[in-house]
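In structure tokens, one chain follows: the form predicted on its own.
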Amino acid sequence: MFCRRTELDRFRNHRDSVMEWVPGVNLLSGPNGAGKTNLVDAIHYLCMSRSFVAASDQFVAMHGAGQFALSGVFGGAIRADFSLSCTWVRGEGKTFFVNGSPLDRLTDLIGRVPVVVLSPEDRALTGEGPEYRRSFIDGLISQTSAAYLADLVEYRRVLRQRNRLLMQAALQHRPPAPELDAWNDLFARSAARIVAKRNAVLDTFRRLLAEEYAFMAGVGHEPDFTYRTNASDEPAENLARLEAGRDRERERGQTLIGPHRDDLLFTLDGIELRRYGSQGQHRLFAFALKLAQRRYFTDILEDQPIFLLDDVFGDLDPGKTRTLLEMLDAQSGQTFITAANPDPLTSVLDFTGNHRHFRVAHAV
């Protein structure tokens, strides 16, 4: 997929910015605070309905502004060009449009333009809590499977209802309401579908991770992961586990089994990365995860996703920088790179033709 053009109106520090992009490597360089990351974050927002930098939409709007607007033109190797746009108004929320027609649900946006982002925040993926790794799994699968995304939305809805009933029972020191049984059945079936899909995708992903880690770090190291879940891909087994944990759930007032508690245990040469990995190993593992995600999207969709690399080359040595840039140069996908110092990149790539170097001095 390709982003051909973006327009930003009161998005972060961009009041009225229009950018025309090339299909190869788009390098954005300039001092910190100039707005480089905001330009690529706008692409992510149009593709995923959220920022990869800011936790809330209220922090995405320009300071003092009560609204913002984004628009972009996208296309692909097997798709005609189309437009995506978004408006956000404080107190009213956001609305997305495809070719000018509003989307009824934000979930209808996910997967139209697959995108992979690698940023300094990805250190949390290998070093922090399981919620980061669950988010990675869901992002990996949801952009290629509308059915999985629908199951995930349904599961979260059912989970909220179960937790509401369990909390009421815990606060009132009584058994849960009889309607919990109906929610249990829905919960068991949606949880089983999610676990089954995660198992299937992660089996394929394991090979891609090993190949991309070898590409980045060289042979001789074995990256791997273990998918940890206390749920089952069989609805009947999930119902049995809910029954077995009924008293504990009532005491805690929350659902204690299910894919919302899943985790991935990353290992390198059989040693747990989170606890014992060096800073360099964490960095290369995160790189390999995102490169494997890019490969997975390409294999499934037969078209490469947009690849966003935000301020990550400062952590790579010159040899690995050259290796990665030469790979991006040889492939047909579109990449966006932000860097305060462009010299290590411009010394490798020729930023003419399919590649272009944008110098961002300040937001426009």
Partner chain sequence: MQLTSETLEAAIEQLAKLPGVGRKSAQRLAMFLVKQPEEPVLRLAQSLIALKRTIRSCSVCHTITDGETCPICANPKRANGMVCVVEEPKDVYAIEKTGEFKGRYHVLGGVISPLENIGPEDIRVKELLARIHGDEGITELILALNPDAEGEATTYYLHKLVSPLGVTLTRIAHGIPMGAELEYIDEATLSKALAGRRGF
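Residue numbers count along the first chain shown, from 1. Model, not experiment: these values are computed from the prediction.
Unshown form predicted together with the partner chain; subsequent notes refer to it.
- Annotated contact segment (heavy atom within 4.5 Å of the partner chain in the predicted bound form): 183 to 191, selected among 183 to 191, 76 to 84, 288 to 296, 242 to 250.
- The closest heavy atom approach of Gln161 to the partner chain in the predicted bound form falls within 4.5 Å.
- At a distance threshold of 4.5 angstroms between non-hydrogen atoms, Ala150 is in contact with the partner chain in the predicted bound form.
- Although the partner is absent here, Arg105 is a contact residue: one of its heavy atoms lies within 4.5 angstroms of the partner chain in the predicted bound form.
- Contact check for Arg157: a heavy atom falls within 4.5 Å of the partner chain in the predicted bound form.
- Contact annotation for the candidate site: Asn230, Asp233 and Ile257 all lie away from the partner chain in the predicted bound form (no heavy atom within 4.5 Å).
- This chain lacks the partner; the member of Gln168, Gln279, Ser135, Asn99 within 4.5 angstroms of the partner chain in the predicted bound form by a non-hydrogen atom is Gln168.
- Exactly one listed residue, out of Glu128, Glu179, Asp269, Glu211, brings a non-hydrogen atom to within 4.5 Å of the partner chain in the predicted bound form: Glu179.
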